[in-house]
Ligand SMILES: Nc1ncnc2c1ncn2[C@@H]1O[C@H](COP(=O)(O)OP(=O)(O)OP(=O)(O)O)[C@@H](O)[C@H]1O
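Quick setup: one chain, the form predicted on its own, written in structure tokens, and binding and motion questions come after.
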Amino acid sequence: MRTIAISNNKGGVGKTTSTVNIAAGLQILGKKVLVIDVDHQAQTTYHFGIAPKDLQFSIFEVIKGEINYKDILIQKSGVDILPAKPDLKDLDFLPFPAKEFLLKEALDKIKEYDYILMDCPPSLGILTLNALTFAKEIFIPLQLQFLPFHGMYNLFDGVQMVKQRLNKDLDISGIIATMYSANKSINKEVMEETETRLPGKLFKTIIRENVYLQEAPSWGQTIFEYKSDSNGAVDYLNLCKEIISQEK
């Protein structure tokens, strides 16, 4: 089982889009997938067409040890989901010791999936630390612009801290180039710089700019449900094939 945190300290780089559509693509390719929304903004929950306001319980109650994860499990698009609500932000205020380990302790016995994907907030706060303590791998979506590129390095410092103090098995196993346009020279420059500084980390599959990727969440659908013949669907399915090829 691969346990992957999808993280970047910069918002708007494609974390939620990547989490949802990688999960759906892996499921299409025959993998059993669990998605955990670890962001109090609950954007992955919304993307799957689940309204947080309609939920009695969420991943927050699981983290606190009040209920079992199976009590909140929802299946959408062939994927199992542990949804979030805005009250997840209150984890900061809980008087629990070693709060970085709460998610791992609540879910460490799960063994029935091929992949667990976690959508993290755009910061290195307690929610992201919980995901990084539980994960074995990190995928970093990188919008191919100057500021997101430099923001990515802030995450690297946090990852090193987590490796030293909380989770020695954690590693960055892939950088996902998102929102690519062949007409933008900065996109090519950032890709080249990423490959130079971090050889072998950048996935070969590039996620191109695609309006259908922006529209799909408003319908509560994955790109494969919303527009299966779009560039977005083609790119994410190819990325999933590349992710699976890492197993060999």
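What you see is a predicted model, and the numbers here were worked out from it, not measured in a lab. When you see a residue number, it is the position in the sequence shown, counting from 1.
Omitted here: the form predicted together with this ligand. The next part is about that form.
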* Three-residue site G14, Q41 and M179 fully in contact with this ligand in the predicted complex at 4.5 Å by heavy atom -> yes
* Asked: Exactly one of I207, L26, V190, V62 has a non-hydrogen atom within 4.5 Å of this ligand in the predicted complex; which residue is it?
  -> I207
* Structure fact -> Assert contact residue (this ligand, in the predicted complex, non-hydrogen atom within 4.5 Å, options G151, G78, G158, P122) equals P122
* Asked: So, in the predicted complex, is K10 in contact with this ligand at a 4.5 angstroms heavy atom limit?
  -> yes
* Asked: Contact between Q214 and this ligand in the predicted complex at 4.5 Å, heavy atoms?
  -> yes
* Stretch from 193-201, 64-72, 41-49, 219-227 whose residues place a heavy atom within 4.5 Å of this ligand in the predicted complex -> 41-49
